[in-house]
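In structure tokens, the next block holds one chain alone, the form predicted alone.
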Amino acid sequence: MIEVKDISKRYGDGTVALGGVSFSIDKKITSIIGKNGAGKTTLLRILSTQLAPSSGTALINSHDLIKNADEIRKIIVSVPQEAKPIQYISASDFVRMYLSARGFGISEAKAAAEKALRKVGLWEFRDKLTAELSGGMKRKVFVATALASDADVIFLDEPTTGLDPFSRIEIWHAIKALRGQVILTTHYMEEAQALSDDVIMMDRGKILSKGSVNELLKGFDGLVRVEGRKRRKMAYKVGDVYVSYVDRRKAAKFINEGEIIRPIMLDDLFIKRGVNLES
């Protein structure tokens, strides 16, 4: 259980990254979605004790973020977006070294590392130096590390950035297999939709909405998304395309007019709020 209490973050140059956010997380997998600069990474860094908030606090499994940071670090794993594994050891050694640092015995660390590397599709590359792995494979090494750690809470910042579609699906399965509570950030709306028990929508350091995918999309029941060059009544401009939402039973009319029909996704929540996800 994570309870966030009025956390804000203002940097020295006056930039407000978080504007006093409060929420609770009690589901298995929670995705934090939003465009660049929304405050997702800042929030994750604060909750994983890497960055101090300007004000506010949080409880993570009943431990106070400010008063009990050392206790929190014992029960969490955090994989930052910019993390890079040690370059001149093997993928297998990297995972085992991390587990040893967390207190695993030698045989326990070896068994856990093998199981995790197999799970993320890296076992055949276990003896390859991490310096020789692709960017996507390096991300998979970190997900394997989180998987092997058996931590209570796992923070993943953009865990599938740089991965091809097949590898992304492998990581999704690995994330679902994590024992602990998972909080991840992502730019991929289909990823949040596929993985999440709960979704937190952020923009400009504020929480826009929170709930399950079904709860958040309830207002779109019976609708489809129409994209085209023609401006229609109640349309939203996204780049050089106009987006509108119509009854799915009337979709054939728009197809005949050369417009594109798409199913409703989480990014439609941002479009209806006027949030440009491309910036």
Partner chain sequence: MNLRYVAGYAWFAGVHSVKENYPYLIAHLALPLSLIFIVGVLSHGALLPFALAGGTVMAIASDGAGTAQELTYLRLEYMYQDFIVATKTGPIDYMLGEIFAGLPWVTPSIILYFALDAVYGMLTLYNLVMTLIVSVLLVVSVSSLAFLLSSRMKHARLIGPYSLIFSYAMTVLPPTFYPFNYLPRWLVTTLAVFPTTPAAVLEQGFFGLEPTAWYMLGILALEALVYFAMARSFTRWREK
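We call the rigid core the largest set of C-alpha positions that still match within 1.5 Å between the two forms. All values reported here derive from a predicted model rather than from experimental measurement. Numbering follows the first chain given and starts at 1.
Although not depicted, the form predicted in complex with its partner chain is the subject of the following passage.
From the list 142 to 150, 164 to 172, 199 to 207, 115 to 123, the contact stretch for its partner chain in the predicted complex under a 4.5 Å heavy atom rule is 142 to 150. Contact with its partner chain in the predicted complex, defined as a heavy atom within 4.5 Å, holds for exactly one of T30, S244, S48, T42, namely S48.
The putative spot formed by Y188, V213 and K230 is not touched by its partner chain in the predicted complex; no residue has a non-hydrogen atom within 4.5 angstroms of it. In the predicted complex, its partner chain sits within 4.5 Å of a heavy atom belonging to K84.
Contact between I89 and its partner chain in the predicted complex is found at the 4.5 Å heavy atom cutoff. Remark: G135 does not count among the residues lining its partner chain in the predicted complex, judged by a heavy atom distance of 4.5 Å or less.
Its partner chain is not shown here, but in the predicted complex it comes within 4.5 Å of a heavy atom of S78. In the predicted complex, its partner chain lies within 4.5 angstroms of at least one heavy atom of each of the following residues of 90 to 123: D93, F94, R96, M97, Y98, S100, A101, R102, G103, F104, G105, in sequence order. After superposing the rigid core, the Cα of A177 is displaced by less than 2 Å between this form and the one not shown. Core-aligned CA deviation for F104 between this form and the one not shown: 2 Å or greater. Relative to the superposed core, A131 undergoes a Cα shift of 2 Å or more between this form and the one not shown.
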